[in-house]
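Take a look at this one chain, the form predicted on its own, written out in structure tokens.
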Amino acid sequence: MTDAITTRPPATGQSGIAAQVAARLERARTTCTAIPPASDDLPGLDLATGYEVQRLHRAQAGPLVGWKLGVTSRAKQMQVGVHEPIRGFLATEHVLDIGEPLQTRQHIQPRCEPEIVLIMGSDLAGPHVSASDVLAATAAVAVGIEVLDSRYQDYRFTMPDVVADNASASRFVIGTPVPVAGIDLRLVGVVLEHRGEVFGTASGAASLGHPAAAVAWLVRSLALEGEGLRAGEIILSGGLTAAVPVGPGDVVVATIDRLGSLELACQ
């Protein structure tokens, strides 16, 4: 007589695809090894499944501290063939303190970009939230630097791929918050410096015409899943210039009018 062996049948359908992609990305993160895009051999990966992968990773991450937006430039949306931004979550594992260096060896292919950061002063949710509603609920704004790190080889991916990869979220640091009253976030000038040279310039309007408009899209998107923003959460409203690749010894400085300057050293 032999013992019966019970095996779990393989996962099928979109949930099965999500589980496969989540496992691949987790291995890539933990081993710091870039992988081919999941869409190369999983043609069933769509945006909805990409967000399902995100939720699986979010369930395993540290406490939620906020959200990030990607593909907020109209030109970028046209380039990649989408009509709206994408979103990702921010957890405690993503936080860098001011003055804390970026340990590049802990990442695969890190890149930095400047962000206008909104700090929520009150909860905000609903399917019809506007940019004005966002500004009314914002306690303060700050200059930020986001560190992107795609787990896909050469940053090659489809939109479902990058959504599954939590919009390439890796680390972020924010400067000292300042009151938003009296600041037109569309018009603030943005400069990104790398190794002491200007790498890129922009204005706040590079993020969907207004950073608050980008955050309003985020709130409406979350409302479809019964979620919203909470007081105290940090929102990265979208990259304002191209992202610069960084390595050991590099220094990146983001300067935004009225919000100040922020430096990130890389080791």
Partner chain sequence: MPITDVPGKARALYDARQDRKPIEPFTDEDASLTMADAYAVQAELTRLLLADGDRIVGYKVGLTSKPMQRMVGVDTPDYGPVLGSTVYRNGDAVSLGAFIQPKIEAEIVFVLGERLRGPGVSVTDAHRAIAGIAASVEIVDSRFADWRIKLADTISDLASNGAVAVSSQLVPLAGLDTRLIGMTLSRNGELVDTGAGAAALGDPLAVVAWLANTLGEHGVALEPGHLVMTGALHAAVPMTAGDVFRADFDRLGPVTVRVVE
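Numbering follows the first chain given and starts at 1. What you are looking at is a predicted structure, and each value in this text was computed from that prediction instead of being measured.
What comes next is about the form predicted together with its partner chain, which is not displayed.
J.: Even though its partner chain is not shown here, does Val190 get within 4.5 Å of it in the predicted bound form, heavy atoms only?
T.: So Val190 counts as contacting its partner chain.
J.: Spell out, yes or no, whether the shortest heavy atom distance between Thr255 and its partner chain in the predicted bound form is within 4.5 Å.
T.: Result yes; Thr255 sits at the interface with its partner chain in the predicted bound form.
J.: Although its partner chain is absent from this view, report whether Ala202 comes within 4.5 Å of it in the predicted bound form, heavy atoms only.
T.: Judged by the heavy-atom cut-off of 4.5 Å, Ala202 is in contact with its partner chain in the predicted bound form.
J.: Is there a non-hydrogen atom of Val198 within 4.5 angstroms of a non-hydrogen atom of its partner chain in the predicted bound form?
T.: Taking the distances in the predicted bound form, the answer for Val198 is yes, it comes within 4.5 Å of its partner chain.
J.: Answer with one of Gly209, Gly232, Pro36, Gly44: the residue that has a non-hydrogen atom within 4.5 Å of its partner chain in the predicted bound form.
T.: Only one option qualifies, and that one is Gly209.
J.: Pick the stretch from 181-189, 168-176, 111-119, 130-138 whose residues have a heavy atom within 4.5 Å of its partner chain in the predicted bound form.
T.: One stretch meets the cut-off, namely 181-189.
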